[in-house]
Each structure stands twice: as C-alpha cells, then as structure tokens.
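As structure tokens, the next two blocks hold two forms of the same chain, structure 1 and structure 2.
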Structure 1
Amino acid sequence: MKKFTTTLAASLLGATMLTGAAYAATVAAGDTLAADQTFTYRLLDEHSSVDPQIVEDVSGADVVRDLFEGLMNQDADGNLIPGVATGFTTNDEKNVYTFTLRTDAKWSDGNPVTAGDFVYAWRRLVDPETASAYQWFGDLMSIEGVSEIIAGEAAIDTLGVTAIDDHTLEVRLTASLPYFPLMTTHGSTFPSPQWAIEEHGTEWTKPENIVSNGAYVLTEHVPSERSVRERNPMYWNNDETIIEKVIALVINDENTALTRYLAGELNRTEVPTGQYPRLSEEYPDQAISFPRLCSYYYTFNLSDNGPEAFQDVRVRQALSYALDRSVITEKVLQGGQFEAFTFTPGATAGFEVPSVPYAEMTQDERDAAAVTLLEEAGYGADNPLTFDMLYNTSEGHKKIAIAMTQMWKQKLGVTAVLANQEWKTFLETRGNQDFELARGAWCGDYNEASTFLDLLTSQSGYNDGKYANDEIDALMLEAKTLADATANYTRVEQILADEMPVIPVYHYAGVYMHTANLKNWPVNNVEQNWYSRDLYIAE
C-alpha cells in the first residue's frame, strides 16, 4: 500500500492534506511472517490509566495509542499521517483548523466515530470536574475559551471546538499555531465514548466495559502485573494490521526483565543501566540505542512547602554545577545518552541549542564555582546543607541518584537523603509538593521546543516545583504568535540556566533489547510514538 505522509512544512503552508491510506504494517521483501503474531514487552510500572483524558505517563500513552486513535497519527519518521481525520485545512492566520473525518471509522461496539466524539473528549479534557492532569495541555493548544473554562468562569460548551457535521470538526484558536496539527497526535486529544463513560463512570476503562476506536481492544488487565490488547475487528484499517495480540508485563526490576528477555519471554525490554556496551557486543542485532525527545532532570520544590535553602539561587546553581554529567552518561548509563545543560533536547525539531555560561565551563571550573556559591549562601562545615531527594522506584534511577549524592558529598560536603516511591505514589507526592528535590522526566508531547519550555511556565500543570517567572510566562505566550520563536526559546533557556529551578541531567537515548524478528520499530521517530499495528514478527 502507498504510505501517505506530510511534513510540518506542508502544514505551515496551510496545505490541505489529501485523503490517503495511513501507514500500517508493511512486510519487507524476503520476510516470512511468524505463525504467532504476539508482541510482548516490559513495563517498569503500572500505567496511570488508559483513559485518554486521564493518562499522564509515557507507558500509559503507549497503550492508549493502541486502544484509541486521534485525528492524526505519525509514521516511522515522525511525519504526520491521517488518523481518524483524512486531512485538514487552515486559514492564513493558522488559527482556524478544519479536519475532515473518515466515514469508515468505528468504535469497537460498532458505533460510528463522529466529530461530536472529539468535541465531547476535548470538553472533557478541560472540564475542571474531570481533574485531568493534562488539562493544561488544552490551554497550551490555545483553543478559544479554554482559559475561562479551566478557571471555572465559563461553561464547557463555550470551547472553540465545533462539529460542523458528523465528519467535519472545526477548531478555533486564540493564537496562530502552525504546529497545531502536531499536537493532535497526543493521547489527551483522542476521542472518548460518551455513552460508555456515562454508563460506567470511572469503571469504563475496565476490559468488560471499555469501548475504543483504535486498532486494538483491551481484553485483560491485572493491575501491576499485566495487560493484554487484541486486534479490534471494527478498526477501519484492520486489514493492514498483522500483530494479533500485545502483552505488556509489569516487571519492576530491570535485570529480571533482561533475564526474562534472554529466556525468550519478551520481544522488547530496556537495557539495564550501564550494560549497553556489553550487550551491544554480545547481541549486536538486538541491542539498540537512538536519540529520544526526552529530558531527565531533578526539580527543586520552590513552593511554600519547600526547604528554605532552595529559595537561594546560589544553592540551586551550586548543586547543578557540581554535577559531573559526563560521569552519569559515560560511566553510569553508558547507552548513548547526552549531557544536558539546557532543558530542551538538541533533537527537538527546529531548536537551536543556545550557549549558556555554565555549559561553556570545564568541570573543574564548575566545581570551583559551586564551592564558592554554596559558601556565599552560608553553607559549609559549620552549617552543612542537608535535604531529601526523591525518585520513583527503579534500579537505574537509584544508580543515578547515588552518583549525584556522592558528587555533592565529596565536592560540597552536602548530604542528600535518598528515598524512593512506587510510581503512582511518587506522582501524587510530587504533584502535592510534598518533597524537597525530586526526579523528573519529560518526553515531548509534540516535536517543538514549547512542549518542554511551557512545562516551566507558572500555569503548567506539571510545574511540580511551582517555579514562577513573569518573563518566561510572557516569552512563551508571545512565542505562540511568532513564525520563528527561536529568540524567545533561547532567552527562556538562558533564564533557566541563571535561575536553575531544575537541574538538567541528561537527554535520553532509547536503549533497548529488541528481538531481531520484531520488525518496523520506528527508531527514527524521536518522539517514539509507536503503534503496534505497524509492527510484525518475522520467522
């Protein structure tokens, strides 16, 4: 089948996307399909949800992309391709988008997928009563009326999203967003079945109740153990799907996961921290590493609940400067990760990594500056700095945290007391500002710098440290109206380097063990928006 693609450049020109078949599993010449088309992979933790408007973690988003389909999808290179929408048009100002929906899209119960299902889902996303952790994403999309709805000052039916008819969806924005179509690949924008939600309430995502419109349906879910999704015969492109069943196994220990992978129980798992060099030599056709659109960082609690010491920018700078990122990437991780001195990864489309002063120093110079800064802040042998450092349970996170605390102890005499929590508890603790210094990670919701930098605006729902800077808020708001926001993004990164509300540690690489017969994994998609319907198992 012909693969339909369009680039961001096309959408910038206001092009109409032509109707075409969406990317699906294409078997390479010479490959023979295995009889068993079951794809099994490992999860570190139980996902937060499979409700499109509730899910807030990467592993849950992976499941949601299989169960539900939004307006647009991505191909193996990250290009936009049709999803439920066959195409879109936009005006010259790029503030009104009209999506044409395919007529053969159905829900798993046989009901047609309509523009009204998207209106319902997007209203639900921003409705304060939903309490979605991604409510702020609706605001980021600049949909007309969204700010007033989130603030409780307007009814949800005033949102600038209209079903012109069953197959035409109009979206009105308050800003010119040339990258708006990219945002519709995010799970929070996927449609939701109003009738199923109203009938079952919060229980609607259980296998016996769920109604979905993606290539797969949820057939089993044992919390913190496993979930199973199987082909959805109602999916409009089901004939192009090859993988019959997808099994996600929750395995908290990365070494246990590797053992089970090598025993043939998994098609894919993460490479344990520090083991990529060995595994890539022993299994060159299975160990892979590639750039990802993700940042690993630690965030300071700057709210009223946070420690007084962190209110002093010199303390924050000292802790960041004393961190030898090359030791973490080259000695601890060893998987092709990149040292981070900016919050936004260099892999971000159109982003020019700016020069920030501390990145230009040698590590010795940073260490010397850190000692001076901490002394000037009043901390030393007579007044040692001590704080708690929180991360979610993972052997890899533990190794990184230990390395960081050792650097601080040896160079600065600082004591960081480590604590770990299970994922959902960790999210709640961090979201309630019940921490001092906490691990954070962010993978881009779309491939543009604002997906990272908006995270540290004062209104962001994921600004767990409650950092606030009026200039950053203004710069990011203005960036939405600019054809080229490079100068704004550069200035924001410079402010972040000066004020250090978070400690950038490294930018991710995808470091996996991946069976040689699992085909079509999208290694060139830095967002890693993968779809099981595009994969297949060869003999």
Structure 2
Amino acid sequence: MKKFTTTLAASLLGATMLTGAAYAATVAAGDTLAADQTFTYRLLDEHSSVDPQIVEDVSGADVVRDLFEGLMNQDADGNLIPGVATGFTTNDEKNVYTFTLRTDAKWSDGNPVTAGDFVYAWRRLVDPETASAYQWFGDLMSIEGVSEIIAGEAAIDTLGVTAIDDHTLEVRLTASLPYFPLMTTHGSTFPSPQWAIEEHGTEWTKPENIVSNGAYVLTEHVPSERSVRERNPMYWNNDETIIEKVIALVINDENTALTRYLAGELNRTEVPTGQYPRLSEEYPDQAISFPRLCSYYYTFNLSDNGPEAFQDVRVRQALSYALDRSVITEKVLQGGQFEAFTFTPGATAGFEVPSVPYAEMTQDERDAAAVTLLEEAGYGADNPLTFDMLYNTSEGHKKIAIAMTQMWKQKLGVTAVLANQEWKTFLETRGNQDFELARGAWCGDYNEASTFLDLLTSQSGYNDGKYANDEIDALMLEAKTLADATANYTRVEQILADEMPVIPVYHYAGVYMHTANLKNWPVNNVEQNWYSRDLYIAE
C-alpha cells in the first residue's frame, strides 16, 4: 500500500505536509544522451480531446499529462509526488484538504498558475453546460455540492473548492477520503486557462490557441495522423526535462505499427497478440512485459433473463474449474499475462491475493471436481448443457473463446455456442441482460482493490450479470471507511470463489516494444501514468 501509507501515516499525526523533491528525468550512470531527444510512439486511435476536462480516453489522457500539470504527480513506481502543489494538509476527518501551490509555476503564455485556475477547472468539470463525460469523477471525489450541481439544482459556485489566496487551495468533501490527493493525478482535475477558453471557445485546444502549464506545449495536430508536443520553456522544472519533442502517430493496425517500429520509425509500440515469444527472442532488449491493472473475465447472466442452468452454483463452478487458464496465458496470449483465480489483479496496490480453494488445486483436480459438480447439478450425456457465449468482435477474443469452448466440450461435454457482436451492439446487448455468458474486462480507475470489487456489488451500474450478495454489499460499504480494508477484500474474493458469478480468466500484462535507447519508462507504475519529461533517449 505504498501510496496510501505516505498519506495515511502522515495524517495520523494530524495536520501534515507532504514534501519531497519533484521527480524528473535522471540519467543513469554510464548513459550518454543522444543528440536527438525525440520520442515517437504509436497511438491506436485519434484521441478524443486534449482538453483536461473533456478528454475521456487513455491515449488522450497520456497527452494531457504532458501538456498540463495537476496538483500532484506520480513517480516511476506510482507514488504520489508534488506537482503544481508542493504539498497539502488535511484535518483529522480527512474531509478538508488544503494544497499549497508553488509560486514559480507558469502557463505557457507566462501567466502564473494560481489556485483560481484549479477552482475554474473543477467547476468547469462538473458544470452541466460543459457536459463532460467525467462529471462522475467529480462525484467520485465527493466534493461538497457536486451532486446538486450535476443535477442542475445548484449553481457551480457552490462547489466546495476555494482559492484562499493565489497559492492556497482548499477542498471540502462530503466524505472522509484518505486517498483524495491520489485523485488529483487524474487529468480531469488539471487546471485550465479561463482566459484562453473564453477567447477561443471549443477551438482553444488547437495548437495555435492552446495555453498549457505542463512540461510540453502542443505544436502540431493533424487529426487521425499525428500530434506533436514540444518543450514548454515556461515550465517550472524545464531545466530538468530532457526529451525535446514527443510525436504521437495514429496507427490503427498493430501489425502495421510493428512494421514501422521495426523500420525504425517509432520508439514504442504494442506487441500484437501471440508475437511476444518470437519478438523477445529476436529482440531481447526491446520486448517488455509488465503487469497491468486489468482483469479479463466472463460473466454469467444471473438476472431473470438468464438461463435456468446458471442459477445453479455447481454449474458456474464446474465451468470455471474446467477452464485451464494456463493454456490461455501460455499458448494463446503468450505475452506474460497472469492466470486469474480472483477478480482483482495481484498487482493492485495493497491487495494480498487471498488463497481461494480452487486456485490451490492442480488442473487435474479441478477437472475432476468440475465433472462431479456438473453431474450433481444434473447435466450429462442424457441432459447436455448448452448455452450461448457472447464476445465483442476481435481476433484475440475469438481465440480465447474458442479455446474455452473446446475445454468445456472435451472435459464436460458442454456445448457453448459462440456469437460475436460489434462493440457498441455488444455493450447494448450485455447492458440489457440479453445474453447467457458474456465477455467482460475491467481496468482499474485507481490503484486500489475497490475499483474492481465494487463492480460486483448489487447497485453497481457495471454489474451486467446482475449478481447480488448482501454480504459483499456490506463488506464493500464498510471498506470505504476503513484505513486498512484488506480483510474485507479477502472475504469478498472468497465469496466470489464460492459463488462464481464471473469466471476470472486472466490478468493483463502490458506488452510493448521499446527501443533499447528509450530510458526511464515507468514499468512499475501499474496504472501506466507516464510523463515524457521523466524519459530520455540514450546514445
């Protein structure tokens, strides 16, 4: 629980201050800097926006983190470090936070970055007029007055955030949130320049209009082709930044991207499914794999629309037990992914993977248990189990689904009929409980187990299988008020292993090609919040 301990231990002492040096690119001994400090990487798709309060996709958030700087940043391990704020204090209830802003932070047009810029940005985020898809993040932050503002029942200036003076920002919350400062590393909380937005309207993020306070400024943007950001000489820590120029190229197809990487046009690209073993053999110093905060699973439809058979816990357990996860991770994906027996990935901060009984068995034992369970449930040669299995159209999902159906067919005589749907249709179908067994994947919004386990509470909007368990609801509600909720999370995972509302399949790995001269990539930051200013290109 690295990130939490910093704040938690500190807050025990009452009002405290988080201090420490800002993290920046530090050149390893023996490395000589290359003359050309240009970092070029591949984007899967054009980003949704570079407006901090509007952006909603991961690749856009990566750009925003370079262009703007929030109150706090993360270091290479995901620990909280100062950003525009040099530190913060909080009260005993941890529902009022006061951030102290550095005095040397400037916007790219030379204006100082003030507490007022944050007040403006946070009001803008939750303003119904802005219609940001991330209004809910404001709600998640539990800032005073946020729900009423989103509902249009209160004016935006009733939001519980105040600029005491130019360099002091006070935030009042409706709940005790020990991890609140962590949330200020999220792009939607970054400041925005009121004067530029008022002058240019929605055009303010175009390279000729944009004013930003991060280490880089946007200098070129060809939608669906490239965006270029270059050093911001006004950035307060510009002296310690090394990368001069960052080029993001939109390349839809991952194989094309790999080709261009191999042709020397890129410093970083994703490894296409199944190619990691070959690439890591040919390019051992370039192919990398590290754990990610994401979980891949199949969910049973437990609503009234779902099949009768899945109401029987023995059927759900049999299907989960008979799935040989090592075949999926080692034969299909082959990129260093992890077999999943729990919903929460082991890489999650502060999460101790609990021992659940079926994870302790060998695959042979699980297979035998599965056969018995299914027989007990009354399915067999004379009463075969058949159901539909739905996934969104993609080669990768198809391979996994086929492997799963084969295992069930061979081991249990179960017939799963595969169906795939285009993404939006799939989401609609799954969201309407119009399925029997459906694929799901979840990436953590923040680095703590509740970002996963909340999904399986009965009131969660993301619980597409409509699984409901009172004990889980109570445990997760209680967890929010505990300093250390590990015991609650362990218990929830044990209930999930018993009741098997979802079949955990695997936990993700980030599998990339990085040129050997690209240094300081934060592989240990499981949220993959990276900052170009921390990187450098060696000779």
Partner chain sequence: MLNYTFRRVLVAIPTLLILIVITFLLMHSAPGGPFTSERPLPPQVLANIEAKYGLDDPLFVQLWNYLKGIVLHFDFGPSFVKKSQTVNDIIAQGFPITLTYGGLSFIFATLIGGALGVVAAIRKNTFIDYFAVGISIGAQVLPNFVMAPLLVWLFTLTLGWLPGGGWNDGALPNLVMPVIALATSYMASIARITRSSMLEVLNSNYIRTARAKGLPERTVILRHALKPSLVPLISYLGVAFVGMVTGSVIIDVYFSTGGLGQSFVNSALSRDYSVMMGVTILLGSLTVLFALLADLLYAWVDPKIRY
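By convention here, residues take numbers in order along the sequence of structure 1, the first being 1. Given the structure is predicted, the values throughout are model-derived calculations rather than measurements. Here, rigid core means the biggest group of C-alpha atoms that superpose within 1.5 Å across both forms.
Legend entry - Number of the structure representing the form predicted in complex with the partner chain: Only structure 2 fits here, because that chain is the form predicted in complex with the partner chain.
Inset, instruction - Kindly say which of Asn79, Ala487, Pro291, Val417 is at the hinge when the rigid parts are compared between structure 1 and structure 2? - result: From the list Asn79, Ala487, Pro291, Val417, the one at the hinge is Pro291.
Legend entry - Rigid-body rotation angle between structure 1 and structure 2, smaller part relative to larger (whole degrees): When the larger parts are aligned, the smaller part is off by a rotation of 25 degrees.
Legend entry - Value in Å for the CA shift of Thr405 between structure 1 and structure 2, taken after the core is superposed: The alpha-carbon displacement, core-superposed, is 9.6 Å.
Legend entry - Inter-form CA displacement between structure 1 and structure 2 at Val492 - rigid core frame, Å: With the rigid core fitted, the alpha carbon of Val492 is displaced 7.5 Å between structure 1 and structure 2.
Legend entry - Core-aligned CA shift between structure 1 and structure 2 for Phe338 (Å): Its alpha carbon moves by 3.5 Å.
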